[in-house]
Structures are given as C-alpha cells and as structure tokens.
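Shown next as structure tokens: one chain only, the form predicted alone.
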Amino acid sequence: MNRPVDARLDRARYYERIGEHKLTPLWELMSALVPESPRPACVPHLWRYRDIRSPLLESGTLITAREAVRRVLILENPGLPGSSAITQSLYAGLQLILPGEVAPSHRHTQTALRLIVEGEGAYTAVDGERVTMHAGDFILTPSWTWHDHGNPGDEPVVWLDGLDIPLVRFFDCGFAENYPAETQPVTRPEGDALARFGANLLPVDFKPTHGASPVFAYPFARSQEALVRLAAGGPPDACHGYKMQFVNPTTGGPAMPTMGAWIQRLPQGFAGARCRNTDGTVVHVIEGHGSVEIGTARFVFVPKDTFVIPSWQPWRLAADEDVYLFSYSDRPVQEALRIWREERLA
C-alpha cells in the first residue's frame, strides 16, 4: 500500500546521494532538456520609438560618448530580465551620438550591425574606411575589426545596434581590445568597398580576411530600389511580402556568419498569412504603418518602432500603407547546424 510513497522517498534519498558526486538524473529533466517543441523564455514585445527617444536624448546630457565608449540603451526582452538580450542569442540597443562627438575605436569578438534610425551626417569607420550614415542604411562590423563612430554634423544621430553578444557569451569566447588612438587612420576613400565588391565583381587579387561581407555598408536607397523592382515582377510572398536577404557577394551566403539580415516591403493593404520559424527575429520599422500578430499578442507599429518575434511563435504581418522592414536573426547559425525550421500555417 505504501510502495509509491516509499519509491519517491527512495528516489529522493538516491538523488541526494548522487548529488554529492555532482550527478543529476536525466529522467527527471528529459522533457525540459529535449522538449517536443521550442519553449522560448523570450516573449513578444514592441518598443515604441516615440517613448524611447526622449530618455535616449537625455542620456546625452548625463554621459559623453567618450566616457561611455558606446552610449546605448539596451532593448532587453521582458522575458529575459538581466540578460542584456532581446532573444536568447541576440542583443539589441539604440545608440546615440551627438554633434562633435567620437565613440572611440575598438574591436571585439562579437559581430555587430547598425540600422540607421534617425539623423544624418555621422559616420562609422571599419578597418580604415569611413561611411556616412543615412536613415535606413545597413552597416555591419565584422568580428575583430577596428571600428569607431563620429558625428561631424549638426544633429543627433541614432541607430539600432544588433550584436551576437549572448551567442559569444554562451561559448565563453569574448575578447575586446581598445585602439591606441581615439580614431583609426583612414586608409581608403569612402565608397571603396562598395566599388570593389558591390557590382557582382571581385578584384582579381581578392583574398577573404574574415567570414563577413566585404561590403560593410548597404545604402537604403539601393535596397529600396531593389524591392520596388522585385514588386514589379510578380505577387508578394504570402507571409513575407517582398523580402530580400543581405548577402556576402564573395560567397552568396549571409552577410555575417552568425546573424542573417533582411529587408522587406509590404505593399499597402498586405494581409499576410500566419507563419512561424525557429530563429527568434528582431524587426525594425524603417517606413510605413501596419500591425503584427505574434502568438496571442497584437502590436500596431509606426516608423522607427522595433519588435521581437520569439522562436516558433506564430506571426502575421499587415500593412496600412507601403511598409519597409529591416530584420535580423541567428538563422545562419541554425542553418549551419541543420536545425532551422519554418512552417506556414493555415
């Protein structure tokens, strides 16, 4: 009669004994370690730029870009408090640089991307080449490349930072190094990388130095034009509208080894089908008004808002007018490991 109770007591005593040897029974944890489907702690959320802009500008009165090294407000997922993460593997933040400021040069193991949100005239320098920032431009900083930012213009400039910080932290392989001077020497004219690698051609003596795209700046004007031309060629995808991936022209693969990045256009009146995928995705609204349903949540978005879609959560997009979205995720890593999955839902 008492055997089930005795069995539980026997097991509890057994677990206590083996715990002294730093052992844990798999059978008690199997469903959590190997679930039937993803159970992300990350939750859907939308950051409204109109709510963030004022405290972001206020930070410029409290600390300089030089003091902060990078003056950023982190977009931390409500389901991942204290993690400095927007998804389990990705980081996001909004960076501010004021007129006359320089964010000093450094390099790190983590790969970074920038999507320019507001303002013009600032620059990013990557391994000796500067690029002037314009709203909607996509700029990447490959792992272990020197980079600094400056604003010789007359208005504040804000951009979205995306990094693989949580992923690098998971592997315990984060390193950083400061450049001996505040800015690195400019050794190539602006536009050099785009001229060398942005026309489906490669210099005859090209040899890759890292796994990321040598085109480190993708102007929004060119991306927008490509999407408009794509739309003229046929109907939109039922889930994604017109969507294109930023690629490394030397390989045809993703622009960065650890983070994929996309640009998409939703035509006015678009009502997308439901879809889900295993890569938790950060989405930034460049232009246009619309809405997104993620699981049971629904968010109305406007330009400059940012939202996150957790892994395997059903989502659906809708556009009140022409909408342009930028997004990034860890899909390249998942595809390399052969674990990425997408499903289109009825």
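Predicted model only: the values in this text are computed from it and were never measured. Counting begins at 1, following the sequence as shown.
We do not show the form predicted together with a small molecule, though everything after this point is about it.
Comparing 248-256, 158-166, 198-206, 230-238 against the small molecule in the model of the complex, the single stretch with non-hydrogen atoms within 4.5 angstroms of it is 158-166. With respect to the small molecule in the model of the complex, the three residues Arg276, Thr281 and Arg316 uniformly fall beyond 4.5 angstroms at the level of their nearest heavy atom. Gln95 is the sole member of Gln95, Thr132, Ser83, Ser143 with a non-hydrogen atom lying within 4.5 angstroms of the small molecule in the model of the complex.
None of His106, His210, Arg222, Arg188 but one reaches within 4.5 angstroms of the small molecule in the model of the complex through a heavy atom, and that residue is His106. At the 4.5 Å threshold, heavy atoms of Lys243 stay clear of the small molecule in the model of the complex, well away from it. Contact annotation for His149: at least one heavy atom lies within 4.5 Å of the small molecule in the model of the complex.
The closest non-hydrogen atom of Arg48 lies beyond 4.5 Å of the small molecule in the model of the complex. By the criterion of a heavy atom within 4.5 Å, Tyr218 is excluded from the residues contacting the small molecule in the model of the complex.
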